[in-house]
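A single chain comes next, written as C-alpha cells; it is the form predicted on its own.
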C-alpha cells in the first residue's frame, strides 16, 4: 500500500461477540455495545421510541416494544431470515458509526469472531461489512487477543465468551484450524444452568434469564467464596432476598470439566518439545475470564493431568477489538480481502 493510500485509511478492529461487541479505531475511539438489535413492533412503538432501530442496553430496556434480535447464537451468526441478516448488518454498521470515521477516509476492518463463526459465516460477515469498508480481514477472536497482547509463540489463548469457549495455540504463525477448538458450554450455558437451579430451589420466585445473567456478571465465582451471594427477586410482586451462593458456584463450575479436558487434549496434540512451554502460558480472555477465582481454579484442576499455569488478562472487554485493530493496521495489503 502506498504512503498516500495509507494516509487516507482509517483502521478499525471489531470484536463481534455473542453477548457484547466492541470496536476499536485508529483515531482512538473505543466503544462497546451489548449484541442486541431491536425494531419497533408497530407504529405506536415507533412513535414512542422515535427511532428506526435500537441497540444494546437501550434495546433490552425497551424489548417489550421491539422485535428483538441477538445476531450471534452459540458463537455463530444466525442466518435464514431477512431479519437475522439485517440484524448483523445493523450491528456492524452501528459499531462502525461508533468509531466516528472521518468523512472521506477509506476503511480497513479486521473482525474477530468466535472460531465456529469463522468457519461457517465468513461470507455473511463479508456481506455485512462490504457497504462500509474497502478492505477486510476476518480472524478468530483468540488470535486477535494474542496479537494484541504480543503473545504469539508457545501460548494458548482460552477465550470464554457467551456463546462459545474458544481455544487457540499460538506458535509464531497465523493459527490453522488444527490449532483451534471450540465448545458450546460457555456464558449462555452457565446462565441457563443458574436459571434452572434457582427455579428448582425457589419455585415461588420469578427469575428471568436476563436477571440471572446480571447476577452472574456481578457475583460469579468458582471455587470457594469469602462472601455469600445475596440477590433480590420478585415473589408475588414483592422483591425478596435470596442466598444463591451454592447455585452460583455450581452453575459457574458446570463448564469447567469440559474446559480442562479440551485444554489437555489440545496441548497433547501439539509438538511434544513445546508442550511444557504452552502449559506454563495459558491466557484466559473473554467475559468469562472475570469469574472470581477462575485462574486459580483451573491451575488446580489441571494438576491431576499435567501442571498448567493460567492467567487472566487485565482488559477482557477491549482485548479482542484492540488486537483486531493492530492486525488491520499491520497486515500487508495482499493478505486483506478487497470489498
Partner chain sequence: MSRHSEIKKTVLRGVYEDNAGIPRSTHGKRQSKFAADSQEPVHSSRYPGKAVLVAVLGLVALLGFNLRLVTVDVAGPAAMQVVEEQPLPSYRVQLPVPVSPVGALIPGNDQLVSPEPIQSLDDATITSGRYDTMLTRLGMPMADLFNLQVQTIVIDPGHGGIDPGATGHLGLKEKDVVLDIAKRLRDKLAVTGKYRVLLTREGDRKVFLKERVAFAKENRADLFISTHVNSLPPGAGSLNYVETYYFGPHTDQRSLELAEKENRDSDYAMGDFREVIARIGDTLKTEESKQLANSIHKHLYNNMKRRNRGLIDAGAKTGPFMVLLGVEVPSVLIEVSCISNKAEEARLSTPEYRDRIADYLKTGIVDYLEERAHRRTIEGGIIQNVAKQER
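Residue numbers count along the first chain shown, from 1. Superpose the two forms; the largest set of C-alphas matching within 1.5 Å is the rigid core. Nothing here was measured: the structure is a model prediction, and the numbers come from that model.
The form predicted in complex with its partner chain is left out here; the points below concern that form.
Chemist: Tell me whether 62, 300 and 310, taken together, all sit within 4.5 Å of its partner chain in the predicted complex, counting heavy atoms only.
Modeler: No: none of 62, 300 and 310 comes within 4.5 Å of its partner chain in the predicted complex.
Chemist: If you check in the predicted complex, is residue 314 within 4.5 Å of its partner chain, heavy atoms only?
Modeler: Because no heavy atom of residue 314 falls inside 4.5 Å of its partner chain in the predicted complex, the answer is no.
Chemist: So in the predicted complex, is its partner chain close enough to residue 221 to count as touching (4.5 Å, heavy atoms)?
Modeler: No, residue 221 is distant from the partner.
Chemist: So in the predicted complex, does residue 322 come within 4.5 Å of its partner chain, heavy atom to heavy atom?
Modeler: It does not: once its partner chain is placed as it appears in the predicted complex, residue 322 has no heavy atom within 4.5 Å of it.
Chemist: In the predicted complex, does residue 331 come within 4.5 Å of its partner chain, counting heavy atoms only?
Modeler: Contact with its partner chain, yes.
Chemist: Which one of these stretches, 190-198, 221-229, 264-272, 237-245, sits within 4.5 Å of its partner chain in the predicted complex when only heavy atoms are counted?
Modeler: That would be 264-272.
Chemist: Just to confirm, with a 4.5 Å cut-off on non-hydrogen atoms, which of 209, 152, 258, 184 contacts its partner chain in the predicted complex?
Modeler: Comparing distances to its partner chain in the predicted complex, the residue within 4.5 Å is 152.
Chemist: Identify, from the list 250, 214, 202, 122, the residue with a heavy atom within 4.5 Å of its partner chain in the predicted complex.
Modeler: Of the candidates 250, 214, 202, 122, 122 is the one lying within 4.5 Å of its partner chain in the predicted complex.
Chemist: In sequence order, which positions of 154-175 have a non-hydrogen atom within 4.5 Å of its partner chain in the predicted complex?
Modeler: The stretch touches the partner through 154, 169, 171, 172, 173, 174.
Chemist: Answer yes if the Cα of residue 273 shifts by 2 angstroms or more between this form and the one not shown on a rigid-core superposition, and no otherwise.
Modeler: Moves: no, less than 2 Å.
Chemist: With the core lined up, does the C-alpha of residue 45 move 2 Å or more between this form and the one not shown?
Modeler: True for residue 45: a C-alpha shift of 2 Å or more.
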